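Okay, here we've got a single chain as structure tokens, the form predicted on its own, with questions on binding and movement later.
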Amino acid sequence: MEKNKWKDTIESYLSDLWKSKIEISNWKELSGGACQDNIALDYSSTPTSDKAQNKSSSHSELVLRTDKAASLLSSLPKKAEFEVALEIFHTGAKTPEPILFENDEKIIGNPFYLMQRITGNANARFLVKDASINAYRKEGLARDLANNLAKIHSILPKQTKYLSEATLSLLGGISEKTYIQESVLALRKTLAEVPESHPAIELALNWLDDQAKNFTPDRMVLVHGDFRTGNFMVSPIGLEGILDYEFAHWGDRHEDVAWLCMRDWRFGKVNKEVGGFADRIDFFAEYEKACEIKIDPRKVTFWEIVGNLRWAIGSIQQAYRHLSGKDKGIELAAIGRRTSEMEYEALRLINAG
């Protein structure tokens, strides 16, 4: 079904679900990258009878989120992503409220969910360069992101309220003792599925194998999995919300910190190693203040190298989605060309010690 035909379908779906006449306006496709479809919509609700129980959302401005034809193999199915977002929302972290989930693929072709639409701008160039947020970028952005990341990391495997058994299983069950070694092994297995050789990645994996025995997580926590510039909304007022949980999993808190520090997410502000807007020492201090857990810079560097390899292999996978003809797109092909950048950065970090 074409996306411009979803509007009438969603109107009918919500009218039946909420026992009200739902009229959708301002239907607008948003940026969702190579894997997601995000559509902003406004709606009005009119009860169909005096006795009708109107259970519609208290938010009249929503976002519909669903997968494109082919999502990344490592991404969570939409039901699990919805539950993770709900769990995070109830920690008090700033994130859009999840409203409802629908698993029936017959409605628009894929499972989907609706969530609150928030204000702000997630564009990376805006976040690192726009003058309208200069004061907040300097004085509050690192603090607020560190505080909210600490709330996400407060979610522990055996202390959840909104995650089904199926989702708990999907988030992973690897023990603390073997988690880091298993993470490196998973990268090797994924690379083995790529129909070409990448000696630079193999060399970096050998180094990770050698170092992995030196590290274990302080405890397994919920890891966002894609915590970076571009996945949070900011305005001159401040942080509006954190987005995109399709790569969430149980893991080491240092993974998220390292991912945010990766060179690829600095967007020209290379000297600001945290997302292009802050210094590591400042972000680490804010995070430690928020959760009273010390950040180990060595672990951050280790996971930074892992992150570069994950992104390099992911870029190869995206390119082959295009080259195979399975999911043609110039964006997918362009992402594939980025692989060499991550290979270089991983080796640079290793060489820097």
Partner chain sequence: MQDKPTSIDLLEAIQDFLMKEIMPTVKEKDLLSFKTLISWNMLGVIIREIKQEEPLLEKEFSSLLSLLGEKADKLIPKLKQESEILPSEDKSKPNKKSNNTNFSELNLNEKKEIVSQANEILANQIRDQKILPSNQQVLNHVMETLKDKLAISNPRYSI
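This structure is a prediction, so every number in the text was calculated from the model and none was measured. Numbering follows the first chain given and starts at 1.
Same protein, other form: the form predicted together with the partner chain, not shown, and the subject of what follows.
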*Do heavy atoms from each of S197, W207 and I350 fall within 4.5 Å of the partner chain in the model of the complex?*
yes
_Please tell me whether any heavy atom belonging to E331 falls inside 4.5 Å of a heavy atom of the partner chain, as the geometry stands in the model of the complex._
yes
*Give a yes/no on whether R125 approaches the partner chain to within 4.5 Å in the model of the complex, heavy atoms considered.*
yes
*So, in the model of the complex, is E202 in contact with the partner chain at a 4.5 angstroms heavy atom limit?*
yes
*Would R263 sit within 4.5 Å of the partner chain in the model of the complex, counting heavy atoms only?*
yes
_the partner chain in the model of the complex: contacting segment from 173-181, 93-101, 207-215, 239-247, heavy atom within 4.5 Å_ = 207-215
_Counting any non-hydrogen atom inside 4.5 Å, which residue from K129, R219, K151, R188 sits next to the partner chain in the model of the complex?_
R188
*Sequence order please: the residues of 332-348 with a heavy atom within 4.5 Å of the partner chain in the model of the complex.*
A334, R337, S340, E341, E343, Y344, E345, L347, R348
